[in-house]
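Considered here are two forms of the same protein chain, supplied as structure tokens in two stand-alone entries, structure 1 and structure 2.
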Structure 1
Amino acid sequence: MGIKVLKFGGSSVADAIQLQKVKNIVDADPERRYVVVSAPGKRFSDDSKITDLLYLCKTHIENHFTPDHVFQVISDRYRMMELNLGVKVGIDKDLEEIRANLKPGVTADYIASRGEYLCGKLAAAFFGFDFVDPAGLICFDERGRHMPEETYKRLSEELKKHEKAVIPGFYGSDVNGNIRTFSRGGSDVTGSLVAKAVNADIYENWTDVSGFLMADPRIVPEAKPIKNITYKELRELSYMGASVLHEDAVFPAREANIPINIRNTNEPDHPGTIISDTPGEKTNIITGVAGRKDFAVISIYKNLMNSEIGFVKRLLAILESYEISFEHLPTGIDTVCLIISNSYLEGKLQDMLEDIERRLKPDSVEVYQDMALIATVGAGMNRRLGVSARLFGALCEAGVNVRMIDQGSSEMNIIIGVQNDNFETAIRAIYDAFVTE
């Protein structure tokens, strides 16, 4: 019998009704033996995520306010879940212990992790699975950096003792026994680590969407689902924000050659999207199109730049001194352009420009704001004639002026820069040009 590892996101475990759906999914396949759960998410649009409420408790403590009211809301939700699920896990005792720890000096990691911890105990009892606390198994060093090799060793040894188990996501502990967490969305990472540790046949990541779509449905409502996508294609699209998966979750599964299946808890019969190293059969040239707004282009011109040794190195040293990361670096004979997210430039742009003027002495520096980047991604694009012609022809017909062009060395993506107000039109035009009925 094979092994399947499942991870369920916050919307999938928001209440007892959703947990019943999860149990039905788990019970439907005996190979689904290890389940990773997030903290309960929103039950309706105006609801709060448990993790957000826990962080709010921390904020109250830091500002010398009592967290009692907020913690009561959290407690009521877990007590109601225990009642509606018909299980007894001693939730009151756990809540009392957590409440006693809500005092000055308590870490945000500890507080936030309790959402997954309590949900994991409820889910394990409801499914009839063992409960496995990841503290002491998912390992971090003193500085909060994940220690993968020690994690795989400990997880593998522990999970061999359990035929079926529920493991809370998002957290582990450091060498001193302190609770440590991944960044938000880190339950995806836990699921991938567990999958590698037990040498799973597949890692099923269950959320509230039926896999990836070829474009943002808010821009292209009829966007087709992506049945198969390679890890490299996923990385390119995720970079542009088209991800329903924590990006660090890809690497443990990929290292172990474990496919990831993105599924929808509310549509369990939908096959979702398979992520693997093997390209699936495609009916379209591209795999998807995605983009992000709000970039700035800093264009630097200097006569005979190409003969000035170390010019780009000194330019990048200036960026480093301001802790600014760049996205792309298109160059010409006498020009170099920096594509930078506006979020990095807040409060730093003018000082950085003055440093560029002083240290590099360019002939001119121009800044273009309100730029958007759009990536057209497909593993087979480099073997197809006329891809660029079709892309730019579609943009021309749509009246979109392309301000920047960059093709990655992988030859599986073409990135263009357009004005923010042309963003949606450009994505729509590219999708229509490549996606067949």
Structure 2
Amino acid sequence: MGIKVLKFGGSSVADAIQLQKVKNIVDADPERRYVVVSAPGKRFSDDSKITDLLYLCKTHIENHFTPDHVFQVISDRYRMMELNLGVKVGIDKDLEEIRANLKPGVTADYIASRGEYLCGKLAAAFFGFDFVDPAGLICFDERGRHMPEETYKRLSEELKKHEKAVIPGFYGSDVNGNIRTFSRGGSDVTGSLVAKAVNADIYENWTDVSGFLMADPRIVPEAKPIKNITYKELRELSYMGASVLHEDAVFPAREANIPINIRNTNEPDHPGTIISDTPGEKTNIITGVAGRKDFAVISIYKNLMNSEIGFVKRLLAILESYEISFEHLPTGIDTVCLIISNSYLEGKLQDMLEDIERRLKPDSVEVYQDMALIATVGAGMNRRLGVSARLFGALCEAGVNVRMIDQGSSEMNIIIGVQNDNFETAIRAIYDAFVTE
């Protein structure tokens, strides 16, 4: 018998009604043995995600306010879930213990992780599965960096002891025993780690859309689902903002050659998207388009830059000294562009520009802020004649000014930079230009 690992996202576990759908999915196939759950997400559009409320508790504590009223909202939701699911896991006792820990010095990671912890306990009792706490199994170093080898070793040893188990997503613990989380959306990563640890046949990632769509449905509501996509293409799209799957969730599954299947909890019969090494049949030239807002483009010009040995090296050393990582680095004959997420530049931009002026003596430096990056992705796309012409023709027609182009070394994408407020128009225009059938 095979092993299937499932991960259910926030909307799939938002309340008892959703958890009943999850149970039906799990019960429908005895190979579905390991289930990773997120914290309850939104039940309706104005609702709050439990994780956001938990971070809000932390903000209250930091600002010397009581987190009581926010914690009450969280507690009520879990109590209601316990009642409506008809299980008894002693949620009151857990809530009391967490409340007692909400005092100065408590870490954001500990607080945030409790959303998944409590949800995991409820789900395990409801399915009749064992509850396996990932603290002590999913390992981080003292600086909060994930340690994959230690994780696989401990997880696979532990999970061997459980025929069927629910594992809360998003967190683990560090070498000192403190709770640590992945970045937001990290339950996808937990699912992938569990899949590799138990050598699963498939990693089913259940969410609220029927697979990976060719564009963000909030921008292109009729975006078509993608049946098959390669890990590489998916990595490009998810890194560039297609938020269906956490960008780091691809690696563990890919290393173990485990296909990932994106499925919809609200439409369980839909086959969704299969992510594997096998490219899908293409009806369109592109596989998808995705992007992210809030970047800065810093263009540095200097005559004869190309013959000045070590110029880029010294530029990167300046970035390193500010602990700034860059996204792209397109170069021209006498120019180099740095594309950096705004989040890295906060409070550092001015000092860094002064250093660049002083140490590299460029002829000019231009900074464009509020830029968005958009990646148009498709394996083999760049070899096809007329792709760029079609892309830029469509953007021009839509009145979008392209500030930066990076065709990069990968054969499968073209990345452009546009103003933040042109972001949606540009995605729409690219989609319409390539998706014809």
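A quick note: this is a predicted structure, and the numbers were derived from the prediction, not measured. All residue numbers here follow the sequence of structure 1, with the first residue given the number 1. Between two forms, the rigid core is the largest collection of C-alphas that superpose within 1.5 Å.
In this comparison the chain labelled structure 1 is the form predicted on its own, and the other chain is not.
When the rigid core is held fixed, the Cα atom of residue 9 travels less than 2 angstroms between the two structures.
For residue 393, a C-alpha deviation of 2 angstroms or more is recorded between the two structures after rigid-core alignment. Once both forms are fitted on their core, a CA shift of 2 Å or more is seen for residue 383 between the two structures.
If you overlay the core, the Cα of residue 351 moves by 6.9 Å between the two structures. Shown is the Cα shift of residue 224 between the two structures after rigid core superposition, which amounts to 2.3 Å.
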